[in-house]
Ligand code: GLU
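Next comes just one chain, in structure tokens: the form predicted on its own.
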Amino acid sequence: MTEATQERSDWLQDLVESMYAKHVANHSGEIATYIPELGKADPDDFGICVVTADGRIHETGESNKTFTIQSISKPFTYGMALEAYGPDEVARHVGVEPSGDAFNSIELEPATNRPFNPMINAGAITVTALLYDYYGDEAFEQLMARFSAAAGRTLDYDESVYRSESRTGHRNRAIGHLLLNFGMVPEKIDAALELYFKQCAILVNCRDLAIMGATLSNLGNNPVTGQEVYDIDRVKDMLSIMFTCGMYDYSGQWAYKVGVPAKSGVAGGVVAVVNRQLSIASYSPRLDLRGNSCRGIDVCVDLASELGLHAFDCMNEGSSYLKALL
């Protein structure tokens, strides 16, 4: 590492630590309790990690505290389904339009009966059902292997959270059977739902999420391990749907304020991806009314502003405006 690179790395570490100091006193929001096990989280937990597309890691706070991935799993399973079936076949089962509704809404496209997109529960259940149909009883092992490759270490899942989600997931079961009624999912929907509940219970920490995001930022290759995890064309699709739909019915505000692909989960994780540059991950379990981490949103808003990460910010390294100045 050159002296100039080290200086930039030190500056980025200082910036991450300053974000933690600025937002640690924010106690707004509530922990998710509709999944009973999630209600046991420490509301004061807070971690931030930034991983660059060349594999440098900058972290602070409880960045090694594990929590369940929940809906942040959705773009990663979507990428697997795209690789398994191809985009055209997946598009027969799930659309790509923002819904404007809550993540657990029981709504389908009026004309097609497809879920609006794979980032809401209806679409994610459809994607997981396709993966179960493709891989059968080995689906969870396949999913864990891919997620572990993206994170750069062997991941596990929380059995108690999985059981809690399975026991209380009546709304998701209703969604699954509605999808079955319209022919959007294969017949074995009950087994697919169990896979979905287990998928959401995969354990990660803030560093894991940041490396998974940096894998997408680095065109599908894990920048820490060097392993190819996703096909480059499917990464484009994954990031596109994260940009338009990844933050539930806050996605429009997110695109306006932050301007990068992202995904949140109700356990308190948020991951944001800046193409070919870096990934930001945060963990804080206090959520707003839309199910997004309050601190996580604020951290990403501030980092995007400070670093010029917004896709349409003239400071963004990928912009033609900046290239013209160099």
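A quick note: this is a predicted structure, and the numbers were derived from the prediction, not measured. The first residue of the sequence shown is number 1, and the count goes up from there.
Just so you know, the form predicted together with the ligand exists too; it's not on screen, but the next bit is about it.
Of the candidate stretches 59 to 67, 294 to 302, 278 to 286, 264 to 272, only 264 to 272 has residues whose heavy atoms lie within 4.5 Å of the ligand in the predicted complex.
Using a 4.5 angstroms limit between non-hydrogen atoms, V127 is distant from the ligand in the predicted complex. Contact between N117 and the ligand in the predicted complex is not found at the 4.5 Å heavy atom cutoff. Within this chain, I31 is remote from the site of the ligand in the predicted complex, having no heavy atom within 4.5 Å. The ligand is not drawn, but in the predicted complex it has no heavy atom within 4.5 Å of S164. With respect to the ligand in the predicted complex, the three residues F147, A214 and N222 uniformly fall beyond 4.5 angstroms at the level of their nearest heavy atom. With the partner removed from view, the residue among F76, Y248, Y132, Y230 that has a non-hydrogen atom within 4.5 Å of the ligand in the predicted complex turns out to be Y248.
Comment: the ligand is not present in this chain, but in the predicted complex one of C200, V94, C206, V185 has a heavy atom within 4.5 Å of it, namely C200.
Along 108 to 133, a single residue, N121, places a heavy atom within 4.5 Å of the ligand in the predicted complex.
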